[in-house]
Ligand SMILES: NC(=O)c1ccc[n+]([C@@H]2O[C@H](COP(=O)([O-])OP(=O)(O)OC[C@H]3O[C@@H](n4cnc5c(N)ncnc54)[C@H](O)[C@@H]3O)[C@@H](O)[C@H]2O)c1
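Just one chain is shown here, as structure tokens, and it is the form predicted alone.
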């Protein structure tokens, strides 16, 4: 266990077991600074960003943390055990590679890299260095998503027919990657988690609605094993902020709405039943809908980002691989993203993952 240390880094909090540096203080980085400053066994010692304005803003919120423009100062400091990478997507691979080479444990925001080959290279480097490499697939730590996973695995909703997700808003706009690479990693990671496997193929279309060089809209259909279909819709050009996933099973149906104040998950006790009854005016109907109750299960509220950070710290302490969001799962999501992008580039042709 670390002891309080006075010096150029300020004070390492008593009881801090794992010290963390956060690289990137834009939209999401300050949240990581907060989380690692609050967790019982971790502390945030340093943060880095090329934007002095962002550094000043973070320093004002967390005056005990040293703010630097060059992230390499974090990598070179032996007092820092781990880094959290929240830089623009196209820089993920390079920064993560340097961090692992410097002997740091790494939590990298999604997606892990821009190609499956880069993901594999990072995984190999982490294995060689004996360091934890984890991807920020934060929604696998969402209590509602985890409840749905347990419900599916229990067989309560029966065989899954299909699923669809919607992740839309008017902005925020990015200029390093398109809406697919910005938003869809979340839903792909969720589908892979719920279905315990990766998509096999995809067909997708994208559109540059706002006249930019990058697609701000994408529709994709993913083929999963056992005949399951999943459709996703991501957009920066929609009038409503929506974060929803629907799972349709043979016995019941689930809806997750991350923005619903009444409860994130609803269970619809609805299904289709076969019948041999005859209806003179419509001919023979063999399928009838069965209407049942709508249940909102009681799910304990917990901040997913904090649960993710705690999991990362526990994996470092125990040496246990971060199987919920490791490099293999990160590469799996990137392979799917790359296949969707190829399909979009080919006007919707079917592409293997």
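Residue numbers count along the first chain shown, from 1. Every value quoted in this text rests on a predicted model; they were computed, and no experiment measured them.
There is another form of this protein, the form predicted together with the ligand, and it is not shown here; the text below is about that form.
Distance criterion of 4.5 Å from any heavy atom to the ligand in the predicted complex singles out 50 from the list 50, 61, 302, 299. This chain appears without its partner; in the predicted complex, the one residue of 197, 263, 88, 103 with a heavy atom within 4.5 Å of the ligand is 88.
With the partner left out here, the ligand still marks one of 148 to 156, 223 to 231, 133 to 141, 210 to 218 in the predicted complex; by a 4.5 Å heavy atom cut-off that stretch is 133 to 141. By the 4.5 Å heavy atom rule, the three marked residues 249, 252 and 292 all fail to count as contacting the ligand in the predicted complex. Although the partner is absent here, residue 71 sits close enough that one of its heavy atoms falls within 4.5 Å of the ligand in the predicted complex. Among heavy atoms of residue 123, none comes within 4.5 Å of the ligand in the predicted complex. In the predicted complex, the ligand sits within 4.5 Å of a heavy atom of residue 29. Using a 4.5 angstroms threshold between heavy atoms, residue 109 counts as touching the ligand in the predicted complex.
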